[in-house]
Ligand code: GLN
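As a starting point, one isolated chain is supplied in structure tokens, in the form predicted on its own.
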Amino acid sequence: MSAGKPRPTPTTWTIKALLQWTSEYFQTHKLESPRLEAQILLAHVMQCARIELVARSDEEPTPTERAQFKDLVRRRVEGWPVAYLVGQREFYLLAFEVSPAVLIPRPDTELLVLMALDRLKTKPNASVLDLGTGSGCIAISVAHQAKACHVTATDISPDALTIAQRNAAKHKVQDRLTFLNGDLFSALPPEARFDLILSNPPYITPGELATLAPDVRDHEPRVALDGGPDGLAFYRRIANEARAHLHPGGVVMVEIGWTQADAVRELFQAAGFTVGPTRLDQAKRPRVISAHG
């Protein structure tokens, strides 16, 4: 397919041969999941589920399909995230459209959704706010599972909101979501009040930005990553402004960087909140903090 092949060129480019060659090629470029990424890209080109590639392993993609696949392989090696190349990412049982206008949803953020849904079991018709919604993955996942609640989602990026609105329509929850363009709470009318406020805000410091993997650093939106000089700029704003938009007894839940638990807890405590236990993600790292108004 190109110079620098990890093995001799097969005489016939079957699905099996393409996957084998590409997996080894990705491995030489030190990609984290070479086989999986090759399968995702080829399944996208073939317009089928990944599992179908096994049953169709002896099939030969058309020259057009091979050319499309080759282009995706090239772009992946150049640093483009797989999710942007195929235009979607799975999150909390749903497929979300993504583009460079939005942060790619991560599995760690599913903990925030799970905690929100646990909270909503005691108040199923609650009003929920998602600050910095991006692709809408948090807001839409909550609305999809908690069918009696209404979710308001804000974002500073009009392009991100366009994608979030398409995702809401795709998953048929658009009638229970309100999207507002603006910077955190500034998008809301002054009288807006919520039972539950959620956010996965930017929390990366400038020093950390430089050390991120190239596919994140060079392609994901900087506005969704940069948390200010100490990574805490958005937590300060949320802690200081949230009480004005909470119903009595309301709760704020935020995702955090795994080194930020103590600092974020102190910010909410200083703002008058009672802070619950820090929840750990699957890697046993601090991931979500809940603050009770």
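Please read these numbers as outputs of a predicted model, since none were measured by experiment. Residue positions are given as counts along the sequence shown, with the first one as 1.
Unshown form predicted in complex with this ligand; subsequent notes refer to it.
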With the cut-off set at 4.5 Å between non-hydrogen atoms, does K123 touch this ligand in the predicted complex?
-> no
Does L53 reach this ligand in the predicted complex if we count a contact as any heavy atom within 4.5 Å?
-> no
Report yes if any heavy atom of E37 sits within 4.5 Å of a heavy atom of this ligand in the predicted complex; otherwise report no.
-> no
In the predicted complex, H219 touching this ligand (heavy atom, 4.5 Å) | no
Taking R119, C149 and G250 as the candidate spot, are all three within 4.5 angstroms of this ligand in the predicted complex by heavy atoms?
-> no
Any idea which of 175-183, 100-108, 159-167, 189-197 reaches within 4.5 Å of this ligand in the predicted complex, heavy atoms considered?
-> 100-108
Could you work out which of M115, V73, V82, I204 is the residue within 4.5 angstroms of this ligand in the predicted complex, going by heavy atoms?
-> I204
Which residue among A233, C48, A263, L225 has a heavy atom within 4.5 angstroms of this ligand in the predicted complex?
-> L225
